[in-house]
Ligand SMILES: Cc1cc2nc3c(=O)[nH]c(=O)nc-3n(C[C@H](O)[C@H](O)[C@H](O)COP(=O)(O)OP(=O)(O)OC[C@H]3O[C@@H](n4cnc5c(N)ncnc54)[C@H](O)[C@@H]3O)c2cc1C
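This document opens with one chain alone, in structure tokens, the form predicted alone.
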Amino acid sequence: MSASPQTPGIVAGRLSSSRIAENFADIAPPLTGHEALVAADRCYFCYDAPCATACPTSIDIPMFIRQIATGTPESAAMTIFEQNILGGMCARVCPTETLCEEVCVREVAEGKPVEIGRLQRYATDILMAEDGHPFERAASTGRRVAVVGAGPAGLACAHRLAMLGHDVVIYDARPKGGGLNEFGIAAYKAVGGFAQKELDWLLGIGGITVEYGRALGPDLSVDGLKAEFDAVFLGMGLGGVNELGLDGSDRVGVRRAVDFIAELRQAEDLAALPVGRRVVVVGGGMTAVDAAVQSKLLGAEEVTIAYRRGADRLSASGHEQEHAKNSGVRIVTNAVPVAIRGNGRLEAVTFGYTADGPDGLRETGDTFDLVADQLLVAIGQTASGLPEGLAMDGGKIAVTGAGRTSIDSVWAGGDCAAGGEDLTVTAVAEGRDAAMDIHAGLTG
């Protein structure tokens, strides 16, 4: 696939800088103090709260909302951070509409839940703006732990280990940390460089060293890390990307959606970022939606998401699908790409209609073309760079308990590990729980 498409159809400056700044403004602006009190007042403070049960990190949601309601947002933030040290980012990117807010008693009774995500952001933003770090390290244990990956799972694991008195070294293949929070989510969900601000704040606890440009495989080995450290946590996410496997995938204008999003997230001037006039995105998950919506916000005239199965099988939440449609993105289902057309550069994509029956997905034989000058592929990612001898489950690292792998003294969590959902909040929970298990193993 072309890394930097150059074609008459893919150009920069489709919109003015001011228009793009408006398009990429904070999608859910923070609550004011008064708004937070009004929102908190709607909570019933349920004793057996379904919202807390639905939270992968088990935050005591009624407790922190009550603390906001009583005028102590800093205490609310501590309630959140004790369970989820990346509570600030999760407040921005969590699909609350399918987790805590979906089961809110107010949602069930009235169709309008308590704004749990925005209240969480309100509290965490206040505490993070204060000087210093809210947690202190325990006395040194003299133990050292290697964490591979500076994404949500690795950061949550490292922070908890540091808090418990262990020394941690994080290795990450990229030139900066944050993982998907920095490189893989839509820019309008975490504006103002929040991912890096959160990273710097988290490292403020001390006891954590980060080495960038170090990847498992080329630069690091599990055996080497085991020899140097008392334990190893693998949380490097999914480095591989599934390909379409069609002739013409190397044509100019065809690229991976994750690369497009990463480039956009690191661009200093979004108005200088090239985008196609007619963009087609293949996939049905959050990456596909984020790539499609941001293409539209950059000025693409026509953007279409094509997914091989029915609408009920899209992994992107209903809320995100509606956001895409409201942004002008068309979603076509039961369509699989069968040919990439063009002479040197992308001109159109041919799709075959599909039907999902008892024998699985099949093509009906009918086809249609979508004219396109840019094709973004978002059909899933795979683990890469893993050592031989590590048990796998469905292409991911097999784990038992709190992230224990088949190799002694090696744990794993986040997207690279089997089980759970590919969500920031789930990765945080897995990193945190693995840290507690590592700590128990190291200290007896």
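Note that the coordinates shown come from a computational prediction; the quantities given were computed from them, not determined experimentally. One-based numbering along the sequence shown.
Not on display, but discussed next: the form predicted together with this ligand.
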>> Taking a heavy atom within 4.5 Å as contact, would all three of G154, D172 and T424 count as contacting this ligand in the predicted complex?
In response: yes
>> Within 4.5 angstroms, counting heavy atoms, which one of the listed stretches 66-74, 31-39, 414-422, 52-60 is next to this ligand in the predicted complex?
In response: 414-422
> Among L180, V293, C100, V275, which has any heavy atom within 4.5 Å of this ligand in the predicted complex?
Replying inline: L180
> Which one of G283, G184, P337, G117 is close to this ligand in the predicted complex, taking close to mean a heavy atom within 4.5 Å?
Replying inline: G184
> Using 4.5 Å between non-hydrogen atoms, is T405 touching this ligand in the predicted complex?
Replying inline: no
> So, in the predicted complex, is R106 in contact with this ligand at a 4.5 angstroms heavy atom limit?
Replying inline: no
> Going by a heavy atom distance of 4.5 Å, is K325 a contact of this ligand in the predicted complex?
Replying inline: no
> With the partner left out of view, is N84 within 4.5 angstroms of this ligand in the predicted complex by any non-hydrogen atom?
Replying inline: no
>> Using a 4.5 Å heavy atom cutoff, which residues in 229-265 contact this ligand in the predicted complex? It's fine if the answer is none.
In response: G235, M236, G237, L238, V258, I261
